[in-house]
Structure formats: C-alpha cells, structure tokens
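There is one chain below, alone, in structure tokens, taken in the form predicted on its own.
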Amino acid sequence: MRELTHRSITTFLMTLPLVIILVFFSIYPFVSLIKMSFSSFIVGKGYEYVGLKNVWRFIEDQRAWESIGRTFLYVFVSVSGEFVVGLGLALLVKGKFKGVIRTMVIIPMLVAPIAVGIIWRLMYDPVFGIINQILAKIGIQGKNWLADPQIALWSVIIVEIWQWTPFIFLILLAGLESLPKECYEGAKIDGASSWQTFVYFTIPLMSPIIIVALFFRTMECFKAFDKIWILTGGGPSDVTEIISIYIYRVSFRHNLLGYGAFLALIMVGFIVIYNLSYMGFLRRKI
C-alpha cells in the first residue's frame, strides 16, 4: 500500500509541470477567449458583457461567411495538393536518391513563412518576376498573378503547396520505407501489377500514417496568415481574405476585439467539426 501511494505521489509530481503548462498556455487562454466572445472592448473601461450581440452580428455578417467559405476552399485544395505531390515524391524517392536530393526536397519547409511570402511576391511580379520572364521566353503572356481576382487565390495556394509539401513527403516517405517487404514480394509472385499493389497494399498499410499527416497539415493550414498577408494582404477585392485575415482586420483595424474573439471561437468550432468529418471520411475510404 505504501509503495502504491509512493508511486501515485511520484507520478503526480512528475506530471504536475505538464499540467501547469497545459492550463497556463491552453485552457486559460481558451476560457478567456470564450469570455471575450460575449463582450465588447471599450477604451478606458476594458471588456463589457454584451450578451448575444456578437452572435447576431456574425449571423448578419456576409463578409465573415464568405471568408469562412474561402478558408475551407483554401485548406482543402492546399492539403489535397500537398498530399498528391508529397505522395508522388515519396514513391519516386523511396529506396533511392538518398542524401543531397532528399535534403533539397525539404528546403522549402525550412524557410520562414514571411521570407517565403517575400520571395514569391518577387517571383510573381508582373514586370520583373522570373515566372513571367520564363513564360515570355516560350511565347506565353504572363499574368498579374496577385492582382487578378480570378487567379490570386490559386496563386497563393501554389505557394502554400510549395512550402508544405515536404512535410507530407517526409512523413509518407518514412511510412513507405517502414512497410514490410514480404507483402510486396507475395504480390509480385501472385502477378499483381504495380497499380494493384499500390491500391490494395500500399494505401491500406499506409492509411494510419496518411491520416496523421493530413490531420496535422489541416490543422496548420487553417491558421495560415503570414504568407497571405505578405503576398496580397487579403486582396484584391478580398478574394484571398481567409478567416484569419478577417479576424485580424476586425480586431485590430476596426477595434472590435470582442467580435474578433467570437469569430476566433467560431473558427475553432469549425476546425474541430471539419477535422472530425475529414478523419471519419478517410477512415471509411482508406
């Protein structure tokens, strides 16, 4: 009994620092966010409870709904593109191209997002940008990539895919190289084609790893802000304004901190629902 009590006390003392950190950095800010969501900030007075005022404001805020829809489009296309390209690279690199080639592939992930935004903004420049210069040499007229409302969002998505495909690539490559070789040898003996082996062996065996990779990238992609802000600032005509940028504008440009907190709380709920639905769908399909 004394030994059990001693173990319990030791376990409690060992986990106490982690619990304190969790409460301080996660639970307390979330509780504060909920409190702020039903308040309005008044200069000189601080936060004042306003009840459901922010709820009705959100229901009638067409721009907020548009930014949320744009966010889901941005996340879905970006993460899907990262997965397709990352899986393709992992299959290509598996078992070969070790060392320098693999290091070069992951370089974009190591660059700071703000630096990525600056670099790609220069590359997208309609006059001096390298992209339009290359297109001009092959007889194609370049676009004003970040100022054209029809292609601005897709231009930003390309940057997101370019930077974070290496994350998916590394996880999937590690998964591929850990798969048992016996399955592939058996499939080869049975006469299975490369496509059949990929569909009936590789994907099912990789499904837990795929779900983890997509889950983490989806969570991070919802928080995108810095690259988009550097590239377009949410423009032109708000076509690249996702919810994080709209929350920034509402909170710090219009000084509606309470409403901004409510939008952030709503976005947390959407992220949870989206991820649960996304993971449930993947578990059924993979």
Partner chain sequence: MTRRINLKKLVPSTIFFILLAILSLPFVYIMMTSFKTHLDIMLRPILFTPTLKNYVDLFFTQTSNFPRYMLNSLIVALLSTVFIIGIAGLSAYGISRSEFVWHLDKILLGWVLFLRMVFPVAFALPFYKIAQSLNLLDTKIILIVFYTTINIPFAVWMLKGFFDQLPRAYEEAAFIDGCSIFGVFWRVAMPIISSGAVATAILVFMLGWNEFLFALIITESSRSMTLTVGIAGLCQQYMVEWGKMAAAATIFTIPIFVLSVFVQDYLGKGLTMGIGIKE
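Because the structure is predicted, anything quoted here is derived from the model rather than measured. Numbering follows the first chain given and starts at 1. For the two forms, the rigid core is made up of the largest set of C-alpha atoms that agree within 1.5 Å on superposition.
Quick note: we don't show the form predicted together with the partner chain, though the next part is all about it.
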{"item": "Non-hydrogen atom contact F30 with the partner chain in the model of the complex at 4.5 angstroms", "value": "yes"}
{"item": "Distance check, L73 to the partner chain in the model of the complex, heavy atom within 4.5 Å", "value": "no"}
{"item": "4.5 angstroms heavy atom contact with the partner chain in the model of the complex for V77", "value": "no"}
{"item": "Touches the partner chain in the model of the complex: I189 (any heavy atom, 4.5 Å)", "value": "no"}
{"item": "Triple contact flag L110, I130 and V268 to the partner chain in the model of the complex, non-hydrogen atom at 4.5 angstroms", "value": "yes"}
{"item": "Within 4.5 Å of the partner chain in the model of the complex: residues from 14 to 32 (heavy atom criterion)", "value": "M14, T15, P17, L18, V19, I21, L22, F25, S26, I27, Y28, P29, F30, S32"}
{"item": "Core-aligned C-alpha movement of I271 between this form and the one not shown, 2 Å or more", "value": "yes"}
